[in-house]
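Only one chain is included here, represented as structure tokens and corresponding to the form predicted on its own.
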């Protein structure tokens, strides 16, 4: 797949259409229909049935856009979204129920509770790397919370983008959930509209633009961004397992994953064996002719390809390094003896290149990680206790000890970044909360009216003792 012009299949929508659509969504939300729990559950079931129905078309579209195998599509795009829907169907009634909170003695006989109400009309902007999952996964949270939503898929994944619009039009009322197509121009128009919440997944640079636009109306945002996620291989690591799990984390979607291990920090005593095992793991999973493998994707477009190819320049290629611009193919590539100050270490790679840096003492690793922006993920291979110590001295959106990527698969864990790698969390109940207003309510009876709170505060000495 070589994408010269992503807008051939995806055309910009007019500003007038977008303004009218946002207005219509607001009217639908104002009807109160989405606040009904049974309505939300019914919409989630409809979405689940549609995903199953369109699975063959989803699989084909993702092959066309990113050369994703049917197995990878199912594991990373379809099943994870279906599991999220099931999790909400199972728990939504409980999550949405008002929750009582303890009342301090000085407020009695009042009582307190939290009411979970939808924020309103949501804007969901999805990226191209997981263009189905990262469009519909947040939608599950929006539906679950009782919001209406307008969704903008990525123009750089035009096949799945058009299919998403087809699915939404077929299953949802047009002013309840809607899809708008387009490129950066459409995105800018959308960001000029007033929404009640914006959910954006993409780069940190664009995330800043989204946040600035949201500030105009003080709109809450969830920003799922990225960063340089380090992978530490300590001398106590099981090298066979570490190599296999690192290689797997790097080849999924050809490394175009926000939580992919970005670079490896390996103890000098185990570096050579790790490099050998990484090479063996790549070969075992993808075969000796990786370009022919059905389980290895392609770079999304020429611009991304050229950026990655440029990062290879001047680096010491230990293994891999094969590129073909015509087919947008870059093989998994291990880079040895990488200088921490080199260009490849200054930005998120977002591709199948794996720089390797050695260390002698773990404090070197901690210092290097803390000198950079806070990453979306951090991976440590070695003794669990030492891994926990590393986590206590660093920070990241999520982490794994002796694995990669798997923090995203547990619906009971919040997913999101910190600082430069993101703002806000979602997945499971956290998705429900991301699109909800937690409304604090105090109910006070009228059969008694305690005089302490009123001027002229005759009982102030007593008040000071209990407040």
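From a predicted model like this one, the values you see are computed outputs, not experimental measurements. Residue numbers count along the first chain shown, from 1.
Quick note: we don't show the form predicted together with a small molecule, though the next part is all about it.
Point to revise | in the model of the complex, the residue from 196, 315, 72, 155 that sits within 4.5 Å of the small molecule by heavy atoms | key: Spelling it out, the residue with a heavy atom inside the cut-off is 155.
Point to revise | Heavy atom within 4.5 Å of the small molecule in the model of the complex - the one residue of 127, 249, 387, 120 that qualifies | key: Comparing distances to the small molecule in the model of the complex, the residue within 4.5 Å is 127.
Review point. With the partner left out of view, is residue 275 within 4.5 angstroms of the small molecule in the model of the complex by any non-hydrogen atom?
Key: Residue 275: no, not in contact with the small molecule in the model of the complex.
Exercise for review: Indicate whether the small molecule has at least one heavy atom within 4.5 Å of a heavy atom of residue 183 in the model of the complex.
Suggested key: Yes, contact at 4.5 Å.
Review point. At the 4.5 Å heavy atom threshold, is residue 376 in contact with the small molecule in the model of the complex?
Key: Residue-level check for residue 376: yes, a contact with the small molecule.
Review point. Would residue 258 sit within 4.5 Å of the small molecule in the model of the complex, counting heavy atoms only?
Key: Looking in the model of the complex, residue contacts with the small molecule include residue 258, since a heavy atom lies within 4.5 Å.
Practice item. Kindly indicate whether 34, 96 and 114 are, all three, within 4.5 angstroms of the small molecule in the model of the complex, using heavy atoms. Key: Checking in the model of the complex: none of 34, 96 and 114 is within 4.5 Å of the small molecule.
Practice item. Tell me, please, which stretch of 221 to 229, 353 to 361, 264 to 272, 141 to 149 lies within 4.5 angstroms of the small molecule in the model of the complex when heavy atoms are compared? Key: That would be 221 to 229.
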